[in-house]
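A single chain comes next, written as structure tokens; it is the form predicted on its own.
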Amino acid sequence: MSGAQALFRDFTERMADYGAKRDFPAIKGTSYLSAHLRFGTISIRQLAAYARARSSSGAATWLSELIWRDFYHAILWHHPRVATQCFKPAFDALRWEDAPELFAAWCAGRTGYPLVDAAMRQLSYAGWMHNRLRMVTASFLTKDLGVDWRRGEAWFAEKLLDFDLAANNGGWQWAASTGCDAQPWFRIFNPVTQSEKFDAEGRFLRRYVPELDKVPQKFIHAPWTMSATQQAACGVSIGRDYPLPVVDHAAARERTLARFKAIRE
């Protein structure tokens, strides 16, 4: 049995729970077949046919994700300009920040936001990133740091073992709100609440951000909120052992809204 078929067989036993588990990076909830789809070592038709033949909500959710992947291929085929430009031409006029230090902090997993940093370190370590975290990190780069989505897309292209131009481009333009389903007014992920919701116990965070290993669950998602006494108690100094947040999310959100409002007006 090939590696792809072995992974698929394993996933068929977990598919029914896909919808409930797919967003949690600390548990085994996804198919892990993206690299095989990228290199053609498993058939997308086989996967779609299998999912369609199942009655579980998990199978239906997974099929919808396969359809999104196919949709992005159709977008790239019919609109090849999206490889370098925004799907919605008006957004090519967006004024992005020239922030090399912030971009470098994002690449290195040193933004001060644990979920973002854990995800970026997973990418550098494994050449792969959980799908929920791809959305979170892309939103953070474009909406919190105000950096052009093309820079993040290129970084993912360099690092991802499962890099696929259509899927990568589609995902980045979705997160940046420049794609075919642009929603800039509410698609601004809060990295702290995303962390609290999808890694509540901090299991994923502690794996990739070991500096925070002894930080209590109460503070693991926003460690800068600990007092000096609390930091000393868990053996970490925020600002020395682990960075302070490079931006304030609330202020960054307002800047993003203003950036898109200028285009609308």
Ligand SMILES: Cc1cc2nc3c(=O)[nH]c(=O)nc-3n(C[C@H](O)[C@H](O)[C@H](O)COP(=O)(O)OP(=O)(O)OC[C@H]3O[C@@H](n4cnc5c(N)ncnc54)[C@H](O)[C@@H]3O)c2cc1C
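Start at 1 with the first residue shown and count on from there. Since the model is a prediction, treat every value here as computed from it, not as a measurement.
A second form of this protein, the form predicted in complex with the ligand, is not displayed here; the remarks below concern that form.
Item checked: Listed residue (F103, W155, W96, F163) with a non-hydrogen atom within 4.5 angstroms of the ligand in the model of the complex -> Only one listed residue qualifies here, and that residue is F163.
Notebook entry, point to check: Is there any non-hydrogen atom of N168 lying within 4.5 Å of the ligand in the model of the complex?
Noted result: Contact with the ligand, yes.
Notebook entry, point to check: For W224, is any heavy atom within 4.5 Å of the ligand in the model of the complex, or not?
Noted result: No.
Next item on the list: Would you check, heavy atoms only and a 4.5 Å threshold, whether Y32 touches the ligand in the model of the complex?
Entry: Judged by the heavy-atom cut-off of 4.5 Å, Y32 is in contact with the ligand in the model of the complex.
Notebook entry, point to check: Are any of the heavy atoms in L37 no more than 4.5 Å from a heavy atom of the ligand in the model of the complex?
Noted result: Looking in the model of the complex, residue contacts with the ligand include L37, since a heavy atom lies within 4.5 Å.
Notebook entry, point to check: Can you pick the stretch from 63-71, 234-242, 192-200, 216-224 whose heavy atoms fall within 4.5 Å of the ligand in the model of the complex?
Noted result: Of the options, only 63-71 has residues within 4.5 Å of the partner.
Notebook entry, point to check: Going by heavy atoms, what in 111-140 lies within 4.5 angstroms of the ligand in the model of the complex?
Noted result: W128, M129, H130, N131, R134, M135, A138, in sequence order.
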